[in-house]
Every structure is written in structure tokens, then in C-alpha cells.
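First comes one chain, alone, set out as C-alpha cells in the form predicted on its own.
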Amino acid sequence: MVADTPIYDALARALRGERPIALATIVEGVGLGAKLLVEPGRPTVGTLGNVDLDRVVTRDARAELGAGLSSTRHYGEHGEARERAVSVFIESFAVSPRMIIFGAVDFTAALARVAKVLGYHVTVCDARSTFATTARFPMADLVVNDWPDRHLATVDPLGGRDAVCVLTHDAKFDVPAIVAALATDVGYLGAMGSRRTHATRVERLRDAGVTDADLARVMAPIGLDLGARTPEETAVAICAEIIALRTNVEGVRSLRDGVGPIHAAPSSPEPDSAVVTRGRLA
């Protein structure tokens, strides 16, 4: 136990700081009980007894942590694949997935509420301090007054479990936000607007240097084809699509897969629906 004290101290510090971290332990085979602590962006702590095994397990631990999973993996004594000389339990201590919502609009409050139910850490960001206040968005974990690209530059790297939704409907905000988010590994990237709005946005994105490969990630309009109209219904459709994409479920259709108007003509004016950009989901 004494030998493991640096590992547990480092693990405790990471957990107190709400930083993602993974603990790998040999549970069967040579080196039973040996531990290796893996934290993104920091040196590993401990060893499993072999430098090659440490290297392979570190790689696998980072992958498990990125997906928010824990599992037992099997290796040769030196980390060889398809061998079972050593069994290693990789325990992930993943932080809550993040949803960053750009734009303090009516849809934002509804989306933040649904995202909180799903366990997201929700940030609402808008450069307009009059609109982005904790009084308007008490359900958010954090309300930030800043430009979207500047805010993204300050956050920890986004991964496949995270989501960015751009709801500003204003090119001077949403184009910088999308460009900045495309540079990350965020799993879900969305931007509100009708098909016509998005077509105009695509031209602005091209002018900003966005490639065809990045534009191919766009899912427009946002959400599953549920017939959503209200902010609350749209929020459910967005989150349902996030789940469907993450789990690769079949048999559901995104609005992106359709053509023509998003809705049948409503009896009263409706706000524009939205556009979403597909990210690299874990």
C-alpha cells in the first residue's frame, strides 16, 4: 500500500479537481496488483512492470477514458495483442460530458434543461452580457460573457462525448464559433438556422477557410425527424440525435436526411429550426 501512495495521491488530486483520469491495475497474471495512473496531458504515475506494457496500456486507457468506459483488457507480458498472459482492469473516472451552447436565446434555456437531465455540464456563452445572465439561465452550470472562439480557446480539449450548439443566428457570432469548434474533436457540433440560412452560412464558412471535408460533417437541420416545433420539442430532438449518433443506432432518421421544408406550413409563425454539424463521435 505504501508503494501505491503517489498513485492514490495523484488520483485524489485529479478527482478533487474534476479532471478525467484512468487507473489501470493488473488483476491477473505477472505483476498482479501493479498500477498505472493515466491522465491526459500529464506524465503517467506508477508502472505495470514493463515499459512496453505501460506504453500499450496507456494508449488503451486514454481511449477508454475518452469514451467514458471501464473494461478489462488482455495482453502478453510485454503488451502483445491477442495474448492473455496479463489481464488489466482499466477504470475510467470520466468527468461529465460538456455541452457548450453559444447564444442566449429562447431555445437555449430549453436545450440546457434537457441536457442537464442527460448529465451534461452545460455552459451558456454569449458576448452580449444583457442576454447571457444567470438569472435567465439558472439551469446552466456556467454562464460566460465572451466571444465564442475566444471562449473555446480557454476550455480543456473537447472530445467525442462533448457537444457544441451554436444558436446565435448571427454570422458574426456563429461563423467564428463553428470554425473554432471544427478545430476540436467535439462529438456534436450544431448551428441553428433554416436550410436557407445554412446555405448562406456555408458560403461564409468557405470564405473563412473551412474545407469540404469539414462541411461534410454538417447535419442540417438539427435533430431527429420528430416533427418538433417548440423550443422544448426541438431540445428533445437535438438530444435524441446526439444519443442516436453516439450509439450508431439504426432505424431513426435525422432531419438532415430529408429534403424541402422542415415542417408543414404552420398555422402561426414559427421560429427557424436549426442546423447541426456532425462531429467525431466516440
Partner chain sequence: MREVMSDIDRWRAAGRRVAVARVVAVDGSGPRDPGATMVVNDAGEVGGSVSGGCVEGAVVEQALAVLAGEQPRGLVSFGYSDDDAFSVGLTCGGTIHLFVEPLDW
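Positions refer to the first chain, counted from 1. The structure presented is a predicted model; accordingly, all values stated were derived computationally and were not measured.
Below, we refer to the form predicted in complex with the partner chain, which is not included among the displayed structures.
- A single residue from the set Thr58, Thr230, Thr47, Ser70 has any heavy atom within 4.5 angstroms of the partner chain in the predicted complex; that residue is Ser70.
- In terms of contact with the partner chain in the predicted complex, the residue from Glu91, Glu80, Asp185, Asp149 that brings a heavy atom within 4.5 Å is Glu91.
- The putative spot formed by Arg16, Thr25 and Ser96 is fully lined by the partner chain in the predicted complex; each residue has a non-hydrogen atom within 4.5 angstroms of it.
- Among heavy atoms of Gly33, some come within 4.5 Å of the partner chain in the predicted complex.
- Only one of 105 to 113, 193 to 201, 83 to 91, 174 to 182 lies within 4.5 Å of the partner chain in the predicted complex by heavy atoms, and it is 83 to 91.
- Put simply, Ala22 and Gly160 spread apart in the predicted complex: their C-alpha atoms are 3 Å or more farther than in the form shown.
- In summary, the C-alpha positions of Gly119 and Asp9 converge in the predicted complex, ending up at least 3 angstroms nearer each other than in this conformation.
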